[in-house]
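Okay, so here's just one chain, in structure tokens, the form predicted on its own.
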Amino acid sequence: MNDQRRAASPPPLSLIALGGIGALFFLLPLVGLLGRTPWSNLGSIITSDIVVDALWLSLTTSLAAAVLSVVFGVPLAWLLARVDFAGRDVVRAIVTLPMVLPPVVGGAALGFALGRRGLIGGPLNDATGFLLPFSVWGVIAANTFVAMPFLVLTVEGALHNLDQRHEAAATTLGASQLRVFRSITLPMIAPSLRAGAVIAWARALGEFGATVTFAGNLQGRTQTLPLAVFISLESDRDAAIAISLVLVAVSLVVLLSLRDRWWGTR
């Protein structure tokens, strides 16, 4: 009875007010964007070659970055959560560094490591002719660099909070660690894994600084939607607003459509 009475009690007005102000902080910029949108020629702008090329590149590279984040980030999160090795705290700090590092600095660091004269990029280019900067693969590399930490932190947190009795029982019955990981661990952390993948995708979709520094801003080749907005702000503000609206719409549609399935909320 006490639980029902507590659940039925109205929320405090102070929390409603503060929460409402917080929501307005995110809502007002969208309202301002909609108020300045050039609705009369919106169709011609969003179907232009610049927008179509940038949209396609943004979607493909951000999805590729999300996939790479899952492929490499999940094992990395497992190592950080389950294996006690020397320097683990340092590795965790380095992995999360792109979350607080200015993206432009991250892009420059990628160039020093993977560029034409970089630590790895130089020998790779000399041996194979493959060059990451100013290519689609460079965009994917920059996106993955800034997006993967979000997935790693999400999955590592889920692994820390996971009840390990099921894994221990499977190990006792003779299952290998790899089989336990595939059959027990992954299904149990699936909601967190999906949430981490969505966050990584969203971060990659909106990436700007690392991309422009490492991959450049070449229309039809490395110019994503955020870069197209930046260029348009200097020459055609209506186009910049229209492209921003496209980016917001794509992000909202995907996040809302996957909300119940990926976060398990209603």
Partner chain sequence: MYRGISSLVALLLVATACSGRSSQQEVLVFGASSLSDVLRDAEIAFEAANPGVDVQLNLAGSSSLREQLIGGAPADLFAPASLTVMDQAIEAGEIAGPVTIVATNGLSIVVPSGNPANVTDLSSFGDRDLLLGLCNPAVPCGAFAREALAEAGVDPQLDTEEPDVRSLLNKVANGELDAGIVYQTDVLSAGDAVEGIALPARTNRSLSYGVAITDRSDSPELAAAFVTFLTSEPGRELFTARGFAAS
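Note that the structure is predicted; figures quoted are calculated from it, not measured. Numbering follows the first chain given and starts at 1.
The discussion below concerns the form predicted together with its partner chain, not included here.
Looking at R82, you'd find every heavy atom of it more than 4.5 angstroms from its partner chain in the predicted complex.
At the 4.5 Å threshold, heavy atoms of G106 stay clear of its partner chain in the predicted complex, well away from it. Contact annotation for S9: none of its heavy atoms lies within 4.5 Å of its partner chain in the predicted complex. Although the partner is absent here, I120 lies well away from its partner chain in the predicted complex, with no heavy atom inside 4.5 Å. None of 151-159, 85-93, 70-78, 131-139 except one has non-hydrogen atoms within 4.5 angstroms of its partner chain in the predicted complex; the exception is 131-139.
Along 222-250, these residues reach a heavy atom to within 4.5 Å of its partner chain in the predicted complex: F230, I231, L233, E234, S235, R237.
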